[in-house]
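In the block that follows, a single chain appears as structure tokens, in the form predicted alone.
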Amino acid sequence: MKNILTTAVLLFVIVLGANAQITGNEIVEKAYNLPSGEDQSSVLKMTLQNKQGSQRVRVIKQFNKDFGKVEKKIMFFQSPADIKNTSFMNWSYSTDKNDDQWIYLPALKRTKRISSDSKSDYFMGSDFTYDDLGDRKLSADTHKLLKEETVNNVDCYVVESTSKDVEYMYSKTITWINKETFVGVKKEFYDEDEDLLKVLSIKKVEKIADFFIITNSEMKNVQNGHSTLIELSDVEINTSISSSKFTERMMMRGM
């Protein structure tokens, strides 16, 4: 009788486990914690396009490095000439501390810290805000699994994230996350009136040095028709980038 009961309990546990659904928070946590190497460098081509089709192209060299308790990123604008030598730096912390961000404007010859009030401003004419460029903390939002859906032949979890801060610039975001790799496939941003504002579409993901790297993506503002295409090239991972690269002095000095 004991063996029969033990078997019955084991079968119940197996069935229960099979039917247990992953939560929205667990999905976002897996996506958030995807490994990307100790450091990374790449060339970023940013194409800005308005609704009339007129384009502006910007080329950026970027570096990032994981220091354990803080992850640092620095970007140097290489072209066009009118914004060359502009630089941007972001420090993201493993705690709930907000990101620190700086921008260096060569015309003013000074480095400016981005205040919390400026995080909703758009970065260098693109469709990405300063907040989008930072590291959104898991604990800042409530994550809810809405459904499962196939996008571009990819099976995805669809997760709604709602900010715990009622003053946050987005009322909510909805993210499509690859069920197999946990790489984001698509993300919708809703404004304070809960109207769709922007859509981020991931167009290409490459496996480089055993890491999943998004190499082609587009952010489109559906309300004004403006879009920003991001193309990543010359990606190098784990090349022992110097810690001295991520300083205000380096921002002013350049690459």
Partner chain sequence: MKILKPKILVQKKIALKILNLKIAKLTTFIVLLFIGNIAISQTVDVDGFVRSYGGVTYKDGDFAILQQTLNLNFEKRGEKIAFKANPLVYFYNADSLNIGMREIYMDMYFDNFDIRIGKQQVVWGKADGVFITDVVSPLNLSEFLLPDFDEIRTGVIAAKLNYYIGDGSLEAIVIPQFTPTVRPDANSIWYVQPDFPVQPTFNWSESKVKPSIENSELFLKYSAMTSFLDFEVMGGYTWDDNPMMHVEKVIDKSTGKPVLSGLNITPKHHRLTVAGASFSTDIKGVILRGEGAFYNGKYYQTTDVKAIDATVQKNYINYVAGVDFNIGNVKLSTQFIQKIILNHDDLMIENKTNNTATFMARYSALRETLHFELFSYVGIDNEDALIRPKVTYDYDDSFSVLLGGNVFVGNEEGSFGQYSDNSMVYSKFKYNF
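In this text, rigid core is short for the largest set of C-alphas that superpose within 1.5 Å between two forms. Just so we're clear, the structure is a prediction, and the values are computed from it rather than from any experiment. Positions refer to the first chain, counted from 1.
We do not show the form predicted together with the partner chain, though everything after this point is about it.
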Of Ser116, Thr181, Thr142, Asn152, the only residue with a heavy atom within 4.5 Å of the partner chain in the predicted complex is Ser116
Of Lys61, Lys65, Lys187, His226, which one comes within 4.5 Å of the partner chain in the predicted complex, counting heavy atoms only?
His226
Just one of 144-152, 170-178, 157-165, 103-111 has heavy atoms within 4.5 Å of the partner chain in the predicted complex; which?
103-111
Is every one of Arg56, Trp91 and Asn98 in contact with the partner chain in the predicted complex, taking contact as a heavy atom within 4.5 Å?
yes
Does Asn221 reach the partner chain in the predicted complex, with heavy atoms at most 4.5 Å apart?
yes
Would Leu133 sit within 4.5 Å of the partner chain in the predicted complex, counting heavy atoms only?
no
Should Ser126 be counted as a contact of the partner chain in the predicted complex, where contact means heavy atoms within 4.5 Å?
yes
Partner contact for Thr23 in the predicted complex: the partner chain, 4.5 angstroms, heavy atom
no
For Leu146, does the CA position differ by 2 Å or more between the shown form and the other one when the superposition is done on the rigid core?
no
Align both forms on the core first, then report whether Ser126 has a C-alpha shift of 2 Å or more between the shown form and the other one.
no
Taking 2 Å as the cut-off, check whether the CA of Glu180 shifts that much or more between the shown form and the other one after a rigid core fit.
no
